[in-house]
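Let's start with one chain on its own, the form predicted on its own, as structure tokens.
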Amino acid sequence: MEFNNNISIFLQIAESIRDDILAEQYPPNSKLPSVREMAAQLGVNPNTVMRAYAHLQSFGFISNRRGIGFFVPGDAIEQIKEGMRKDFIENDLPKILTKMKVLGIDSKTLIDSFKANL
């Protein structure tokens, strides 16, 4: 994994794992690699992976079974999608709407353009 210097490594790892869960590379109810295994795979400190796992756990995207490891909950995919939808509506959409306004793009033009590209 190549890391971006502008974003914390643990956040990049968490995002990558989140995307892997969405792609079902870690399907619901599956066990994630241990912190040490993941750290070795990525070439990072185990504390960095632990921070990524803790971050994902805080959103309910993974869970910890004490003494066994970290697992993907059965509803993780829906939880992730819901979080991403919320983030899109709160953060991305306002920027898109502002840009549309500045460029003079109305909703009809946007919808017509979208339909033409389907």
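Every value quoted in this text rests on a predicted model; they were computed, and no experiment measured them. One-based numbering along the sequence shown. In this text, the rigid core denotes the largest set of C-alpha atoms whose superposition between the two forms falls within 1.5 Å.
The next section is about a form of this same protein that is not shown, the form predicted together with another copy of the chain.
4.5 Å heavy atom contact with another copy of the chain in the predicted bound form for all of Ile96, Met100 and Ser107: Every residue of the candidate spot has a heavy atom within 4.5 Å of another copy of the chain in the predicted bound form.
With a 4.5 Å heavy atom cut-off, would you call Ser34 a contact of another copy of the chain in the predicted bound form? Although another copy of the chain is absent here, Ser34 would stay clear of it in the predicted bound form, with no heavy atoms inside 4.5 Å.
Within 4.5 Å, heavy atoms only: does Ile111 come near another copy of the chain in the predicted bound form? Although another copy of the chain is absent here, Ile111 would touch it in the predicted bound form, with heavy atoms inside 4.5 Å.
Look up in the predicted bound form whether Asp87 has a non-hydrogen atom within 4.5 angstroms of another copy of the chain, and give yes or no. Yes, contact at 4.5 Å.
Could you tell me if Asp92 has a non-hydrogen atom within 4.5 Å of another copy of the chain in the predicted bound form? Output for Asp92 is yes: heavy atoms within 4.5 Å of another copy of the chain.
In sequence order, which positions of 41-80 have a non-hydrogen atom within 4.5 Å of another copy of the chain in the predicted bound form? Asn64, Arg65, Arg66 sit within 4.5 Å of the partner.
When the two forms are laid on each other by their rigid core, does Asp106 show a Cα shift of 2 Å or more between this form and the one not shown? Yes: Asp106 shifts by at least 2 Å between this form and the one not shown.
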